[in-house]
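First, one chain by itself: the form predicted on its own, in structure tokens.
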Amino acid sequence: MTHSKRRGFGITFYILLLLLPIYWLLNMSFKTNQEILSSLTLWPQNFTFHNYAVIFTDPSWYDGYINSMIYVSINVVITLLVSLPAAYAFSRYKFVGDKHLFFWLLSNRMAPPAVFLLPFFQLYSSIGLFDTHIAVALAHCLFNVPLAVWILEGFISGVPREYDEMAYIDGYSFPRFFIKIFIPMIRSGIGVSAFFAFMFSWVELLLARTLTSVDAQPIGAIMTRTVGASGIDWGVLAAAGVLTIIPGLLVVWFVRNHVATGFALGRV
């Protein structure tokens, strides 16, 4: 077997291993609980849409997806609005303690969410933000903003300073230059930052579950309700898992070129 064939076989085998859990989740979502628990089958013997019908007809289920999309979208917008000027400042200006501040931002990303759980809970309960979408969105900014600043700083540093100087000479104000000229030049970095902000906010559960109770509860917390007196509703849980993957796949599809550029530049 030639080297190219061995490499092709290895890549194919690796992809199959990655797709196997997703296929099994999709397979389970079209089965009844009796079939899931009784035997091991490669495809549904009694194909059913009942599990998806439960999710789309029960407000307690589809509200979880709506709540997750709301606070994740708010988080992505806030993350970009904050990290863009911050990354520009770190890249273009030198000030006392800039390196230490930059490292401190990244250290927040290294800390586990449980460290900040109690302070967030007490703060939001005191000011009336508990069980709101903005509460979860702001809490996730603690981790997403440092990552976005780090990514965007690398993209901004790759843009020569001469562009800034030429814009000032041509009479551009800073806001006009930043919006009309600079942002289009680093759109790949913005796409990468938005992707990672969405991904981390979408999959994070500890803060989202603790800071919400009813009105803003995410789908991840609602999925634990499948455990009841009769056991776990595996079919509904699998259907919910499949629907949870879809938003991430859509985001990956729209920013796939930007993510590839980020890896190519070595910043991601």
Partner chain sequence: MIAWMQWTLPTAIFFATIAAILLVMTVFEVVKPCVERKGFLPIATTRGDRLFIGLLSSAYIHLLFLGLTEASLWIALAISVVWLGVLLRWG
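Numbering follows the first chain given and starts at 1. What you are looking at is a predicted structure, and each value in this text was computed from that prediction instead of being measured.
In what follows, reference is made to the form predicted together with the partner chain, a form of this protein that is not presented.
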### Query
Going by a heavy atom distance of 4.5 Å, is residue 127 a contact of the partner chain in the predicted bound form?
yes
### Task
Using a 4.5 Å heavy atom cut-off, state whether residue 122 contacts the partner chain in the predicted bound form.
yes
### Query
With the cut-off set at 4.5 Å between non-hydrogen atoms, does residue 100 touch the partner chain in the predicted bound form?
yes
### Query
Does the partner chain get within 4.5 angstroms of any non-hydrogen atom of residue 169 in the predicted bound form?
no
